[in-house]
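Just the one chain here, the form predicted on its own, laid out as structure tokens.
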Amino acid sequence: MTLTLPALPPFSLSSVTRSHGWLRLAPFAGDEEGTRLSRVERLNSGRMVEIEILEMNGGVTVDISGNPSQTELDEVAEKVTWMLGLNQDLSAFYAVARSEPKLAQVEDLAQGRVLRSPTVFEDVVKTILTTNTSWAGTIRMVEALVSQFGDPLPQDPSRRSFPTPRQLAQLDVQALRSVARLGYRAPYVLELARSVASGDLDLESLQTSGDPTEQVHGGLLSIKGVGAYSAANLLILLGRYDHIPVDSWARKLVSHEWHAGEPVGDAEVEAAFDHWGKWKGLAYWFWDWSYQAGG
């Protein structure tokens, strides 16, 4: 079954999939050019499907394995729209970016959308697994969660979905440490899964929440394992750009860009983009750092 989903222009599937490293985290899969995106997904009905997304003029086509019902097709459409930000209107960002040479490429390349997981829960778990580890470590931990605890695709059991909160909530810390090797993050992931599975924490409402950003930010910070960097990163995934995910790499970039290589702190990173207001996180994310990426 194939769906056709339009996107608000400008749109580039490659720009979305290559916006950050999520493409390399299971169950996402795709080519290096970013022209194809696929994943195994467990639908609300319990049906396991493979979703393959290709770009078309003005949007994407979505191939869904099996014979999904109309309700299941609607669910896939909603998830893909969220993952790719198909309905995001970034015209206001492009308008202010046109006057900045370091952002001159964003409109022409249709940059600005950031690849997201279908659920906020998955994004929170993945973000927790980026902290205090190498990128290779993050890839390994996410792959372990999927391969050990996700549901298999019937036609190819080697491919699995991201585990649901209920599936992870049934585990214990030891399993997450010994099998998935999450280390100190294991109790954070387990507590998060149990809070979501029990209904005590409604992460998915954040996709459509009208609450002020600072209130959402505070709620994210209240999750164990989510610090300032992780909360800012999650805000960007939620389409809120008031904060910058400051880490050692951000400090290095800002140091070389504006401080002649002298060490800087978090305050200097934030100050460098303060004048971008509600767009500062997005301005930082897509700033042209390419000249010093290997420095």
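Heads up: residue numbers just count along the shown sequence, starting at 1. Here the structure is a predicted model, which means the values were calculated and not measured.
If you look for the form predicted together with the DNA, you will not find it shown, but the lines that follow are about it.
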**Request:** State yes or no: in the model of the complex, is some non-hydrogen atom of Y188 no more than 4.5 angstroms from a non-hydrogen atom of the DNA?
**Result:** yes
**Item:** the DNA contact at T131 in the model of the complex, heavy atom, 4.5 Å
**Value:** yes
**Item:** Exercise: D247 in contact with the DNA in the model of the complex, heavy atom 4.5 Å
**Value:** yes
**Proximity of F28 to the DNA in the model of the complex, heavy atoms at 4.5 Å** = no
**Request:** Name the residue from K102, R181, R98, R194 that puts a heavy atom within 4.5 Å of the DNA in the model of the complex.
**Result:** R181
**Asked** Which residue among S38, S230, S65, S255 has a heavy atom within 4.5 angstroms of the DNA in the model of the complex?
**Response** S230
**Request:** Among 157 to 165, 216 to 224, 108 to 116, 200 to 208, mark the stretch whose residues have heavy atoms within 4.5 Å of the DNA in the model of the complex.
**Result:** 216 to 224
**Complete:** Near the DNA in the model of the complex, with a heavy atom at 4.5 Å or closer, the residues from 136 to 168 are R140
